[in-house]
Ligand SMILES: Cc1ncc(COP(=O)(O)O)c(C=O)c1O
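Shown here is one chain on its own, the form predicted on its own, set out as structure tokens.
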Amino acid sequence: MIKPFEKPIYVTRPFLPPIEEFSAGLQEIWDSQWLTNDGPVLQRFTRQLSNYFETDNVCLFNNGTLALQLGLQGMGISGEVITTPFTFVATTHALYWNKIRPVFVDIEPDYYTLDPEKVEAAITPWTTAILAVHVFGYPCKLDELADIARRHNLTLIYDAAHAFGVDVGGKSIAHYGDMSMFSFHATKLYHSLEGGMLTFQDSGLKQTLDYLKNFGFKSELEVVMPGTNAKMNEMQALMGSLVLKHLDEIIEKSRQIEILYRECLKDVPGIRFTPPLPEGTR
């Protein structure tokens, strides 16, 4: 009989940067006494992410759920949206809070993402969008879904909660579809304690999203639409900025662990692995 471990062994633990780096960042926050409401650390973090994703069309939030919820609202999505049941509940909750009817279709068997054939079969006159999920970071069938969305005049949105750092065809996964939501929750490979981000193709959407996440304020005296409080604060931005510096190291460590799992479990009956990633996918 195997004796219990003295300390539990977790499937995963959040990466934390060297505490000296975080302490130095805290000193900057203490000196500025600016804790939230678009402070200097958040502004710098936003620029870093814009550079990383090679787009100015980014908007940061205090979590990924509100990012997706407000993204749907900002784009005016209504009626029915085709999506997957094989995801975290927040994907569907974001539809619910916008009074959108989720239409579930099945997944394909290799990477567990939406099956394009089943998506097309589920389209009705009330369908306005497709909300697909890059499950465990595996990219959806991007070309097939884009073709369906184009032919049926549907908005294509990706829940990319797990897909930070994924590249397809030499460009970030953020450049596919009309909008993508990334989660920065502590359980993710990349995190900012809590947090979320939207990337989008329509640059005009940025102002609307900024209104929605900050009570609809256009200025200190003018509120232009109903909004909520979904802003990222300085502490979150600091953690996100520091973790970003170590991202390549984090991804490589995760890749080595995956290789080890595949090697050690390859002969165990009943276990089936996802296929190797398609060429051009990182």
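Heads up: residue numbers just count along the shown sequence, starting at 1. Everything quoted here is computed from the prediction, not taken from an experiment.
Here the subject shifts to the form predicted together with the ligand, a form of this protein not shown in this document.
Contact check for Phe88: a heavy atom falls within 4.5 Å of the ligand in the model of the complex. Using a 4.5 angstroms threshold between heavy atoms, Gly64 counts as touching the ligand in the model of the complex.
For Ile173, no non-hydrogen atom is located within 4.5 Å of the ligand in the model of the complex, even though that partner is not displayed. The ligand is not drawn, but in the model of the complex it has no heavy atom within 4.5 Å of Leu114. Judged against the ligand in the model of the complex with a 4.5 angstroms heavy atom cut-off, the residues Ala161, Met181 and His185 are in contact without exception. Of the candidates Val133, Leu198, Ile82, Leu209, Val133 is the one whose heavy atoms come within 4.5 Å of the ligand in the model of the complex; the others do not. In summary, the region of this chain contacting the ligand in the model of the complex, judged by heavy atoms within 4.5 Å and restricted to 144-152, 114-122, 98-106, 188-196, corresponds to 188-196.
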